[in-house]
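Single chain ahead, by itself, as structure tokens, in the form predicted alone.
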């Protein structure tokens, strides 16, 4: 087994390598003067089972191209099997036509990864589960629920908790976590007037006197979570926090959280947090390297990945 790290999230790749007790394969990724990407694998990978670790987060296009070019290099180097390990799959929110003459970019990116030569994809908490069907190669979609559940049990000890979905689309995810923990579920019903702007309408469920934990897959600008937190407080919630798998955190999202009624936002390290964001007391990071590393080990040994979540 060979592990190769691209540049999007080197700390996560190193943590995965530590978990597996396997060194990262020596490789060279650089840019020419015109910003073209060049990749060279500096070790023999012929006949090897290779895992390329790369989130396609900001800058999404550069990181995606790094992944594609690295996979192509491995294909031409005669690697036996290439697994694209994509902790955060960018473009996942463009998973359907929302209007006339618009793309389904998630399908396009899936095609690019398959056509580059990836034999398998390993990712985490896809924005929509059906994106697995966009790939023409086997795809494992891990869920961060075990990591989040463990942290909630340690921090809250089940004390008067209520899991909250910040929108109707995330109900399945929130319900699954509420069932694992054994607590009640509430839903925030909101209306989005335009992209990037959300308006909270009402709360489904009685949150009065409850400690509310919102659960979502992506936090981009933070507007949805901040608005939902205010609505929950207005309905009598004692405190509100949020757990998010992918902390995109664009456009001063952390500062927006700091100014809101949210007590804290907890993200997984599928995307490398910015240094300035890590200074905030409102932000906490959970490691997912053990979960990804175990999935990689099971794939390499031809063992069941789904049993991780039984």
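In this text the structure is predicted, and so the values were computed from the model without any measurement. Positions refer to the first chain, counted from 1.
The same protein has a further form, the form predicted in complex with a small molecule, not shown here; the description that follows concerns it.
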Given that the partner is absent here, does residue 125 sit within 4.5 Å of the small molecule in the model of the complex, heavy atoms only?
no
If you check in the model of the complex, is residue 163 within 4.5 Å of the small molecule, heavy atoms only?
no
Answer with yes or no whether residue 218 is in contact with the small molecule in the model of the complex, where contact means some heavy atom within 4.5 Å.
yes
Does any heavy atom of residue 120 come within 4.5 Å of a heavy atom of the small molecule in the model of the complex?
no
Using heavy atoms only and a 4.5 Å cut-off, determine which of 81, 235, 180, 93 is in contact with the small molecule in the model of the complex.
93
Partner-proximal stretch of 71-79, 222-230, 137-145, 107-115 relative to the small molecule in the model of the complex, 4.5 angstroms, heavy atom:
222-230
